[in-house]
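Given next are two forms of a protein chain, the same chain in both, each as structure tokens and marked structure 1 or structure 2.
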Structure 1
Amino acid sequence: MSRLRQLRPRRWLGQAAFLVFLLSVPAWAPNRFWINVASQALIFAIFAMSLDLLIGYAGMPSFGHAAFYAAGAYGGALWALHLSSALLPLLAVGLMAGASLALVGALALRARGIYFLMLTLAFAQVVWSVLSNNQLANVLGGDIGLISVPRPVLPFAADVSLFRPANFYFLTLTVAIIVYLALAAVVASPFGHTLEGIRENEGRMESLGYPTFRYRLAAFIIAGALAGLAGMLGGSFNFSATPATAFWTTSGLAMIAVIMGGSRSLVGPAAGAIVVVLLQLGLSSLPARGLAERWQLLLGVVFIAFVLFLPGGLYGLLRRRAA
């Protein structure tokens, strides 16, 4: 207990420093390219944090989280293309799209553990195949997806253009911070503790009178909604929603980010997501020709090495050092 108290101020200091660092990115980033990279990293961080609620806290290892991301991307894109690009409704659409798809995918809640993982994976692949189905091309754009999606327009400040990388970056940063605070509140709440109880021993929680299925369903929907939010941001960032976002490699990358960063910490997965985005980018822009084309291979090798040598995650490593 006393050790915890000692750590507290340092933790606050660290968080404040990190916030300053994030706020100042557009100030020192060498050019727009890097600001865009930072936006991408934050979007992925939101996505990874939402997955951490499932993997880390509720003990539900979803390998189909990309489906909800894609739901947000497509929902947001359709809304922005056909109705309006006002920011606040768009954010709500992203949340709703992710949450509604999570209701459909709740079928997977029938299973637990590794079976749950396989079901969510299969579910997401089905979503992917529907999105890339060319018979629906007039609605969903088939295997090309939806393109020329406009960026959202800010309320009260419509003249602040989100087409400018720095402005969009601040939008993603704001959303990321809100999502972080919301998730932190969720996991610290009685609801969050119940989820952890279910992770540790579902049978016992059930005997204590908790309707465990409803708790798991709620966690699944919250995570889906936040993934949808990330997807909506990702869609407007890329000006498009493509079937590839629902592909299982997206889920895999998110899962890697969660585990690599250290699950059950929110901060860890967010950091892991940033590392994954930077790795992807760094490997795909290696100076040596030929190597850059093989970034996927190198990424795979990094993951394998990581699983073998650092299974506790980066955050786990830090924690071990601190202890």
Structure 2
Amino acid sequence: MSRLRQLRPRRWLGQAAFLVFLLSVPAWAPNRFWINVASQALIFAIFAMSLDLLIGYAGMPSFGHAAFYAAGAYGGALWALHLSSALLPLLAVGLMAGASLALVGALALRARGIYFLMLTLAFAQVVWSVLSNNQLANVLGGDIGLISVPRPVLPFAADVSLFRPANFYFLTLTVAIIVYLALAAVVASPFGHTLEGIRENEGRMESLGYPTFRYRLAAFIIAGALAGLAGMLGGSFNFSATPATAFWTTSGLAMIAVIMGGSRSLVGPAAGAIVVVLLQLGLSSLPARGLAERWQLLLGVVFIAFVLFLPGGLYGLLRRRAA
């Protein structure tokens, strides 16, 4: 117990230092390009933290999480293009789009283990095929997707343009902090402890009277809603919503971020997402001929190295160092 009390202040200090680092990015970033990279990393961090609720706490590895991200991107894009670009309604649309699609995909919860994984993968591919269907191009844009999506407009501060990279970065940072605090409250609550019990031994939790399916469904919907929120921000950042966001590789990158950062920590997946974005950028811009086109292969090698030598991820390494 005394060791835990010693570790908690160190953990809080580490998280505070990480927050100060994120707040200072626009001050020392060399140009607008790197501020945009930081915004992209924060959006992916929100996506990875939502997936960590399923993988790390509920024990439900999903390859269909990209479908909820795409739902938020398309929902926000359609709302901004045809109705309003006000920020608060767009955030709500992203959440509701992800949650509603998660409710549809909850049929996969009837399965367990590898069967659940494959059902979520199939669900995401169905969503991808619908979005890329050219017969729906007049609504969803077909292969091209929805383009020229406007950036949100801040309430009571319409003169603050989110087209400026620094302003959009602070918006994504604010949303990321809110998502982290909300997820931290969820996993520390009795609901979160019940999810961990279901992950460890679902049969025993059922024998104790817990409606395990309802708990897993609630976690699935919460994770889907937050993934939709990340998708809405991603669509605003890229000025577009494309079918590629629903492809299974998007879920795979998020899963890599969770494992590299360390599941069951929230901070770990966020840090892992930042590492994955930076690796993707660095490996895809290598000067060596032929290597830039094979950045996925190089990222796979880095991922294998993490699994072999850092099975607990970056956060697990820091915890061992602190201990």
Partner chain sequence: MLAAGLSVIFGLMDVLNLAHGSFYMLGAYVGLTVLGVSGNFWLALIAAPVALGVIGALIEVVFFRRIYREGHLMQVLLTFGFTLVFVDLIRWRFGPQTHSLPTPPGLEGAVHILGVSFASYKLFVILFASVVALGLLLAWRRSRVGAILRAGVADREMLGLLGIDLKRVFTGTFAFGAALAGLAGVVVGPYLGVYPGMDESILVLVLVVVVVGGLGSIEGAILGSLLIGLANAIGPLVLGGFEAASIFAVMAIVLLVRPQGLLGRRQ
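Rigid core (definition): largest C-alpha set, two forms, superposition within 1.5 Å. Residue positions are counted from 1 along structure 1's sequence. The model shown is predicted, which means the values in this text are computed figures rather than measured ones.
Form selected (criterion: the form predicted alone): Here the form predicted alone corresponds to structure 2.
Core-aligned CA displacement of residue 22 at least 2 Å between the two structures: No, residue 22 moves less than 2 Å.
Core-fitted comparison between the two structures - CA shift at residue 304, Å: So the C-alpha of residue 304 has moved 3.3 Å between the two structures.
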